[in-house]
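One chain is shown next in structure tokens, namely the form predicted on its own.
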């Protein structure tokens, strides 16, 4: 059994990169950006008004001013603001030459003859300067990130219509166990429904990869070999849950060896998820995950997701916050690094949830994150600081 830190190092060192492809901007959200994005223009491209009001010369605030034109958004001003004059201007419109201040409509007084006067208190100029947001040729987005909706807006604003992204990894998902039936069946006798596969498929999609489900392998070498070989042939990464411990029916590691895969480790000092096998082949990786659903969830989030991120060049990591523990916590055994589900109190503290172990998947429904309990620590007192990984 190796430490979590050593297992994480091995997993992330054994990654291999996917290639690149170009997609339309509208299809880029959630993809891994592969090249820098630079602006083709200043933003704003000219000094623009931040409010509806009047553009004038700062030194003439409070004086009676003649309105010489109205400047709407999308129309460039024609007249220069000279002493004694101003231009009525709309939010987002270009500020006319000669003006260095815009006062708001609500701070103005209309005078006889159509003139206006500023009646407020001088403050911000209400002018967004040309290039103050983005300069031409400035790098606005760097590779190594998943593209978010706000990134789409920025790229659209700087003229990007196509985006170079990393090719999404293909991930095969298999469950093992004679006791498993699919969710559409009512379990009989000692059967249970297969929840791992759908959970893993959802996690794969959330991680920006393409998942494919291969079904349930029976607890015999022929069934496991058939599905595992097919999944390896058709995917970059395979996730197989169950059958990786040391019982009479835990046949997965032997099948992995028979298929020519190199096993790098098969136990990790972490809880949940001690039985965990990682192996690789020629630009292939297989993760043998435990059968209990909380174990598979956690192992994916802390190990598999890190591997998939590195495949696509993503350097982002899940948020880990330092939070105050809202209640005392203790555990019987402290030999492994542990994760326990928690919620966040109204005071912003981490409150451990009721949690019965790695089969208690419903405990994660109300979980905001997972508290990390270091190896060797069996007691944490209320008020101490803990690390919380958002899930």
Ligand code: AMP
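The structure displayed is predicted, hence computed values, not measured ones. Numbering follows the first chain given and starts at 1.
Just so it is clear, the following notes concern the form predicted in complex with this ligand, a form of the same protein that is not shown.
Novice: Out of 299-307, 201-209, 176-184, 140-148, where are the residues with a heavy atom within 4.5 Å of this ligand in the model of the complex?
Specialist: Looking at the partner contacts, the answer comes out as 176-184.
Novice: Please identify the residue among 77, 172, 290, 253 with any heavy atom within 4.5 Å of this ligand in the model of the complex.
Specialist: Checked against the cut-off, the match is 290.
Novice: Using heavy atoms only and a 4.5 Å cut-off, determine which of 85, 277, 194, 271 is in contact with this ligand in the model of the complex.
Specialist: It is 194 that has a heavy atom within 4.5 Å of the partner.
Novice: Please run the contact check for residue 312 against this ligand in the model of the complex: heavy atoms, 4.5 angstroms, yes or no?
Specialist: Judged by the heavy-atom cut-off of 4.5 Å, residue 312 is well away from this ligand in the model of the complex.
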